[in-house]
Structure formats: C-alpha cells, structure tokens
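Just the one chain here, laid out as structure tokens, in the form predicted alone.
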Amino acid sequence: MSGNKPNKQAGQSYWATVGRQFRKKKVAVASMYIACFLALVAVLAPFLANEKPLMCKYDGSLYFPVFKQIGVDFGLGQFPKELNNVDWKDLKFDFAIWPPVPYSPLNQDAKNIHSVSPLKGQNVPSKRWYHWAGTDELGRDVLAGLIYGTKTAFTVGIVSMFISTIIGIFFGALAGFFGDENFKVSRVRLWLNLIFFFLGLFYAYGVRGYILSDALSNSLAEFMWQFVISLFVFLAIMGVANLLASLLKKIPVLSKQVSFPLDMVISRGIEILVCIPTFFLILLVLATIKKPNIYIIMVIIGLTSWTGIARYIRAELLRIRNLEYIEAAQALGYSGWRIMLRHAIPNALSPVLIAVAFGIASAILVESTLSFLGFGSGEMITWGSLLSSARATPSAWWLAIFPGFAIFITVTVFNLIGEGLTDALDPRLKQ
C-alpha cells in the first residue's frame, strides 16, 4: 500500500516548495523565530516599558493610562486634569497593574544617576523598581531604552525597505521589461514629459522643500500630509504635460513614434548611485537638513538603497519577458503596462525577498551608526544612542554590551534569514 501513496510534494505550489526548502534550514528557521520575537517586542514596547500603569484605579475611577497615551499621541483626546503632568510613581492608587519595566526610556531616576551598574546596589524602594540593565549617565533605564530601541530599529528597517522596494521594483521593472527598444511614445509626449518631469519635481518638492522639512521636524503624520500635497502637485503638472501631448499629437511631425532607451538610462543612473558611498551620501544629506530626526533617516535610507532591488528585478524581467505566457499575452493584444504589472512583476518578486531581508539588516546597522555619531532626535532612544553614551563613561560596560549585543543579534538574524531564502529560492536545490 505504501507504494500507492500519492506524492504530496509533486502537487505543491511554488511557494509551498520554497517554504519546505526554507524549513530545512534550521538556523534560518531559528532566526525567523528570533526576528518574530523581536518584532513582537517592538509592537508591544509601550506595554512592556512605561512609567504609566497598564490599568489603575484612582479616586474611585478606573483608568488605562498606556492605552490613553497611545490615543493622545495620535491626537485622540487628552488626559484628565487630575492625571495630566503627574509623577505616576507618587500617586496613591487604589490598585495598579504596572508594565514589566516600570520606566519609559526618557525617564530620569534622580536617585540612580551617573551610570548605576545592574550588578551593584541601587537606590530603589523595592525590587519592583530595580534597573535590571542599569542606568545611563542621566539615570535613564537601559532596559527600557533597549525595548524602545527595538521598536525604532524595526520601524527604520521596515519603512526604509518599503520605500526602497517600491522604487526598486518600479525602475527595475521598466528597465528589464521594456529594454531599450520596446518603450515607444510620440515625440511630443516624450519631450513634454521630460520637460514637465523636472518642472514637477521643482514645484512639488523644490519650492515646497522648506514646508516638507518643517513638517518632518514636527511629526511623521504632518510630513505625510505635506508629501501627499506635493505628490498631487507633481501629478497635476504631469497631467498637464500629457494633456498638451494629446492635443499636439495631431501634428504629423510631433506624432511620430520614437523609442526611448529606458534600460540604458536607468542602468546608467543605478551605476552612478552605486559609485557614491551610500553612508557618506546620507551624511551629506543630513548635514544640509536643519533638524534631522529618525523619520528623515528612514526616508534617506529608503531613497539610497533601492539600486540592489532594481538590479534583481531587471535581471528577472530580462528572462521573463521572453517566456511563453508573456508572448501569449502580447498575442492577445494586452498592453505592455498591463502585461508588466499583472503578469511579469508578480513572477519576478522572489529575489526581492532576499534583498529585503539583507536590506533590513543593513538599514538597522546604518541607523545605529548614525545614532552613534549623533544624527537623529534626542527625544528618541535608539540602540546607537545607547551605545554612544558608553563613550562618556568607559567603565559603564553595560552601556556598550547590551545595545551592542542587540545590534549584533538583530543584524545577524536578518542576514541568516536572507541566506536561508537564497538557498530556498535556488531552483538547483529544490528536491
């Protein structure tokens, strides 16, 4: 009977096969579990380390201060007057449930300043208020900083790689699918789009540069709103260009179709960016910004790290565009844009996963380095800023060991995940 059993692997989909191959890499699977744990710590950071209780009863009323603070941060209401600007540790609660770490990363414990060791006696009322990873020079709890540093690291890694992935897929797909001969437009549309493209960038982002910079200094939400306005201005200008092109296309000389060498232009642009050291380019941009903060760092990392993804996508589409199903779609009369977006790109995303895994590790390392050098906001604790504080007090070993170990583990974990994906997506290893 055993010889008549159906082969379960034979009918597996591509991604099921990739998953099976990935699970064979025990180190990569263990790294995935560690990454998920760190991601959970990042998401739950306000509930793991906070000077406010998770739930409390005060003067006969029940409160959920941590949830309330999250709402206040998003502009949804305010704290009651009796709980506004208070020292939560000094309040006499009927009862209170505290987070595991009863400190926020920026809280200063005046009784434990000047870098108190986690191994020596601390001036705390009970073990409940003990600083398990010590304090820094200002009396801030290091463990709370590590927890919120995890949140910062994952936010920087994911957001910056999301930006770079979108840009990389877009330019890589254009270069790989259309090449130098297949992107054809009328003369008037080509020239008007080129001219209005630079005009759009100037009026949407150059003229409004100060507005965008001030908005980014205030909050991410305000920056996103101003960025959407700039994007609308850019699209409106490009819309005018294409409207004029449609009107002028009736002139025979201007309506002639010409090929635009997309692959050559994009490839040369990628080569130019690759020749510029990314880290020094980021430093140069940050030096020109009035108030650099973590949001600016995320955007800059995203805008400077898309070239690897673009190369992956370009190489895949150079192969895919000659396959039978692409030729069949072309024979059915589908437009090039539809074929590229609905058929070519979805089948070329496998290498992107590898690039994203390595890219997150690289982004976290870059952000930590920038924070270590003093770039970013002093209002946000990162692993790099914790590591930087160890320079002022070399004897405070915990300020170097704990954040350094966190950076090492996280970067190593994502690199191991990337290596596991590289092996799992290698068709030669599927068996």
Partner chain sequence: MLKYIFTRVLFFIPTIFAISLLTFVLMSNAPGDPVENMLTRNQGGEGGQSADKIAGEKAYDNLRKKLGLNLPMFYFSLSSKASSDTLYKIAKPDYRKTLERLSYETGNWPLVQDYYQSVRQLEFAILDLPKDSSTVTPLITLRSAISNLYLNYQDAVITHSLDNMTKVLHQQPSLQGALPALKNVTGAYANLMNHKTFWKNYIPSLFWNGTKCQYHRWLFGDAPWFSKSEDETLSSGFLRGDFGISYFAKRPVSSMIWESIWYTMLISFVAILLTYVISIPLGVYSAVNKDTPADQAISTSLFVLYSLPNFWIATLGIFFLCGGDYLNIFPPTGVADYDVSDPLFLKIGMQAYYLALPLICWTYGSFAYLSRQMRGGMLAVLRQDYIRTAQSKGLEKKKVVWKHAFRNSLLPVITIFSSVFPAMIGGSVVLEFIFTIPGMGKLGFGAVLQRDYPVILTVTMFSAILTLVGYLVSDILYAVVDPRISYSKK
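Predicted model only: the values in this text are computed from it and were never measured. Positions refer to the first chain, counted from 1.
Not on display, but discussed next: the form predicted in complex with the partner chain.
One stretch from 206-214, 323-331, 183-191, 247-255 that, in the predicted complex, holds residues within 4.5 Å of the partner chain by heavy atom: One stretch meets the cut-off, namely 206-214.
Interface residue in the predicted complex among Leu199, Val299, Ile167, Leu106, criterion: non-hydrogen atom within 4.5 angstroms of the partner chain: Flagged contact: Leu199.
Sole residue of Ile97, Val265, Val72, Leu284 within 4.5 Å of the partner chain in the predicted complex, by heavy atom: The option sitting close enough to the partner is Leu284.
Contact flag, Val228 vs the partner chain in the predicted complex, heavy atom cut 4.5 Å: No.
Leu62 within 4.5 Å of the partner chain in the predicted complex, heavy atoms: No, Leu62 is distant from the partner.
Residue contact check: Phe408 to the partner chain in the predicted complex, 4.5 Å heavy atom: Phe408: contacts the partner chain in the predicted complex.
4.5 Å heavy atom contact, Leu373 and the partner chain in the predicted complex: Although the partner chain is absent here, Leu373 would touch it in the predicted complex, with heavy atoms inside 4.5 Å.
Contacts with the partner chain in the predicted complex, stretch 386-418 (heavy atom within 4.5 Å): Leu387, Ala390, Arg391, Thr393, Pro394, Ser395, Ala396, Trp397, Ala400, Ile401, Gly404, Phe405, Ile407, Phe408, Val411, Thr412, Asn415, Leu416, in sequence order.
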